[in-house]
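Shown next as structure tokens: one chain only, the form predicted on its own.
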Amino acid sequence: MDYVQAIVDGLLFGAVYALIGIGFTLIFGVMNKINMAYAAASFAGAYVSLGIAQVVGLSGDFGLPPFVMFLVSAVAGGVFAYIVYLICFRFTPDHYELASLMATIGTLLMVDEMVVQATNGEPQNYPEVLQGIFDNPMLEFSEEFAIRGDLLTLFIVAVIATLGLLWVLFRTKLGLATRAVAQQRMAAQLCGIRVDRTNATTFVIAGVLGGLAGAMIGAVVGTLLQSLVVIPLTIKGLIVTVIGGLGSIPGAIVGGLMVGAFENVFLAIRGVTERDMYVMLLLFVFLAFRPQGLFGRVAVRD
């Protein structure tokens, strides 16, 4: 039952990894480029919500309601993602992929250093806003099995955000334009679609998802929200994207849940010091035996 508990908790928390993976997948699917600064922009949005919460407060007549923090973080994440697009992608040559890649790596390190300077390198307490959703923070089904209320709330919010994204992609003109640019950029331009605007909008949508994910991670962890989380989260987002299959949103969802479950099982078996090592080994297994990922297409030579 201990391992069942670990798997369930990991699946619930893996919904956040799925959101991060979807953000990477959206950008790669539309532009065929990897945004290494994506997780940094996500946590920058979370830091904005944390700063506003510290200034305004979470109680009193003018307090900040808990879920408003998620909204603020999502909006801030979208703004930061748009800034990253302008700096790293808008004015870099399309045919020189290394330019945008190096620019995003530089932006990742710059945002990480900005967080260190703003916080003096000290951990920041993030309000555990998800704890008060349920009267009992633990939903007990038996003496050996229970579900944390904050993880369940996190999972529900992530599912709602994912369904909202799918609705935008498959039920709106913006989604049609996004899918057209992803399939054939030149043909989309000939049809009158403004590719630059579509790319920028895709970055904003991905940033909104990332900002929401960053705030939820802070709310669940509760004790700290520091720059040391940015680079590991970037790596895990890339792992989720590769495992699911580059450019596949269903793959990012399944990959995020899988990484969350395996990570928690490794945590239960080997401890926190070896957890990330075994997640990397999981990536190597996929690269060796299924390099196209779960839902990716097999590359064939013409």
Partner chain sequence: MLEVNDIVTAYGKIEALKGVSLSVPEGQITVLLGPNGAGKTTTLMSVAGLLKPKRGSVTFEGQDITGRQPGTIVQRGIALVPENRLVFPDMNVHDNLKTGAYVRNDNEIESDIESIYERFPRLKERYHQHAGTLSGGEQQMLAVARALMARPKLMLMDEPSLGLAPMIVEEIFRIIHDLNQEGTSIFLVEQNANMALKIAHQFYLLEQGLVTFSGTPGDMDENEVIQRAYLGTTA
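Keep in mind it's a predicted model, so treat the numbers as computed, not measured. Positions refer to the first chain, counted from 1.
There is another form of the same protein, the form predicted in complex with its partner chain; it is not shown, and what comes next is about it.
J.: Pick from Met110, Ala118, Ile160, Leu190: which residue has any heavy atom within 4.5 angstroms of its partner chain in the predicted bound form?
T.: Exactly one residue meets the criterion: Leu190.
J.: Looking at Ile87, Val221, Val204, Ala180 here, can you tell me which has any non-hydrogen atom within 4.5 angstroms of its partner chain in the predicted bound form?
T.: Result of the distance check: Ala180.
J.: Given a 4.5 Å cut-off on heavy atoms, tell me which of 210-218, 69-77, 180-188, 95-103 is the interface stretch with its partner chain in the predicted bound form.
T.: The contacting stretch here is 180-188.
J.: Is Ile156 a contact residue for its partner chain in the predicted bound form, using a 4.5 Å heavy atom cut-off?
T.: Heavy-atom contact with its partner chain at 4.5 Å: absent for Ile156.
J.: Under a 4.5 Å heavy atom criterion, is Met114 part of the interface with its partner chain in the predicted bound form?
T.: No - in the predicted bound form, heavy atoms of Met114 and its partner chain never come within 4.5 Å of each other.
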